[in-house]
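In structure tokens, the next block holds one chain alone, the form predicted on its own.
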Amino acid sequence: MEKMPTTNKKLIDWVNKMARLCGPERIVWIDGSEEQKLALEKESVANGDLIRLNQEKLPGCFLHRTAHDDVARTEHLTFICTKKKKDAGPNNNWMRPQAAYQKAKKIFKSSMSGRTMYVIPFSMGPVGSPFSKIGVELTDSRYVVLNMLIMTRCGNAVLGQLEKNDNFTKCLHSKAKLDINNRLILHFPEDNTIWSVGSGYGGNVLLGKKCLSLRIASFQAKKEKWMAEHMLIMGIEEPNGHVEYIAAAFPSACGKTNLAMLVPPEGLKKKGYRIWTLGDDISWMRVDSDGSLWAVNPETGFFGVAPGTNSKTNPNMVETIRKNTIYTNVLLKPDNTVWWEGADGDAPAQGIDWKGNPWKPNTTDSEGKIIKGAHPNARFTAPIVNCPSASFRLEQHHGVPISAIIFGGRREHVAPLIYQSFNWQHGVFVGATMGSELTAAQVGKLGQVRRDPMAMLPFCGYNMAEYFKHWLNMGKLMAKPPKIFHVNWFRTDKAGKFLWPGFCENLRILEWILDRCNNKVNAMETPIGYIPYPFDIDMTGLKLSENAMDSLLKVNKEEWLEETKGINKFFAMFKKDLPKELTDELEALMERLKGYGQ
């Protein structure tokens, strides 16, 4: 065993105890150096974990393939382990801590035999910031180490911080046998501990990501009076240099990453806006001494979905992933570059698909279905600093002040393009009731609404009814709470065509949002909130079909009355734990709708 690079007794004791359980051949501490990273890359290529890509076209880039049944987060195998079931809430799978430890220990026992255990000290948030939290992940996967080096701040600087205090999240991961029947992702919020075993997929094994940054952090945030949210953070700079920041929460497939780094549309370019990207996934927010809400992105990288990423949907991301990126489950082209469905250019004439098999376009399987070159959930892990719009405030220990919070979902009808809540409490109701209609790719009835409050349903580490209470309480701690809005880029006409072009054009709506935050424009009051006067949205250079804007902003009384039934049904799952304020908001909405003229 090599010399310990720390004197932190709690850390040393824990590492030794977990080593006795997992039985690794050796232990290696990750120091964050370039030399160690290059050595790990070399070893990963030698043993087939990574394929080195074309270094002229994709410098510093690699391809990784996961097991065929290990390609996404496994929500049904993800548990919150609290002493009382009620504390995990109806939104989580629950297991007693004692039972969970016992069950997992059997799988962890000698799981690292003949392997190396890597010790990764990592900081979520700038090292030493009052916002930040430290974790230490033990893993037998070099893929995990190399991804964590991109996604978090790792190494000796973090250990230095741990010399001052021994408060860290204990994260244990082993691939074990990559057996889906022996796969568990366990969170112990009361012990500040995460155990993940039997998976090699990023969402289950990069334990700083959803596991710590949302599930464990949301639990800690409630206790410590801050917020850990599934939100992008972006800055919008005006020509005079003034930057305003917004945080936004959307369920998956609603364009969160695209919005975080959008490029202003041609029609607005003369206004000289500049977009700054702080993060596309996670926002930790605290009330500062000025009474307003400040946010940091605890991560340093993007773990993005590759299919559909191209120069139209997200030119900045295309630029970001040209170097020092790890691609997972994409197609390998003959020239040792990569491709996926929805990438720029035509499909290659041939390649090696994500399963490692020879591939040609339009090849079908035994059921006649087209075999895809890349898995639909294929990923890339890339450093934020690669992004052309990366913010200069990424390492700001204090974060950035948030002017607006935006919620959104994918709705063909019901929700207008944009509306503003009446106040913070009403805004919490808007966030708590947001949802998306199921698309063909999801299991369930097409068009059925899947509620996903604040886009946190799979990630809230405790009872969601308590989470709603926490949101309501946070509003009371702020002298200047951000204004809350709801957007829907996905409204369709009678023929099922999108009424709004989306992507870069969404800046027109963000502009109206900031104008509302700064009291520059008035708005129309409707039963659901404030909506824009069409003339207040700058449409320079954008021509929509006739009456499209009226359709986009329409509030249909009958549709909304139907919507309240769905909300009522959803709220029922929380029984008497649901805060009364949300029931009051629902009743008030129904009253306003009944008296509405349309």
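Counting begins at 1, following the sequence as shown. As the structure is a computational prediction, the values presented were derived from the model and not from experiment.
The next section is about a form of this same protein that is not shown, the form predicted in complex with sulfopyruvate.
A.B. asks: Looking at 87 to 95, 138 to 146, 204 to 212, 283 to 291, which stretch has residues with any non-hydrogen atom within 4.5 Å of sulfopyruvate in the predicted complex?
C.D. replies: Answer to the contact question: 204 to 212.
A.B. asks: Within 4.5 Å of sulfopyruvate in the predicted complex, heavy atoms considered, which of Thr363, Ser252, Gln396, Gln220?
C.D. replies: The option sitting close enough to the partner is Ser252.
A.B. asks: Name the residue from Phe108, Trp359, Phe303, Trp339 that puts a heavy atom within 4.5 Å of sulfopyruvate in the predicted complex.
C.D. replies: Checking each option against sulfopyruvate in the predicted complex, the one that comes within 4.5 Å is Phe303.
A.B. asks: Report yes if all three of Lys37, Arg153 and Lys323 come within 4.5 Å of sulfopyruvate in the predicted complex by some heavy atom, otherwise no.
C.D. replies: Per the other structure, none of Lys37, Arg153 and Lys323 touch sulfopyruvate.
A.B. asks: Can you tell me whether Arg73 touches sulfopyruvate? I mean in the predicted complex, with a 4.5 angstroms heavy atom cut-off.
C.D. replies: Yes.
A.B. asks: How about Phe459 - does it come within 4.5 Å of sulfopyruvate in the predicted complex, if we only consider non-hydrogen atoms?
C.D. replies: Because a heavy atom of Phe459 falls inside 4.5 Å of sulfopyruvate in the predicted complex, the answer is yes.
A.B. asks: I'd like to know whether Arg379 contacts sulfopyruvate in the predicted complex, with contact meaning heavy atoms within 4.5 angstroms.
C.D. replies: So Arg379 counts as contacting sulfopyruvate.
A.B. asks: Taking sulfopyruvate as it sits in the predicted complex, is His230 in contact with it (heavy atom to heavy atom, 4.5 Å or less)?
C.D. replies: Contact with sulfopyruvate, yes.
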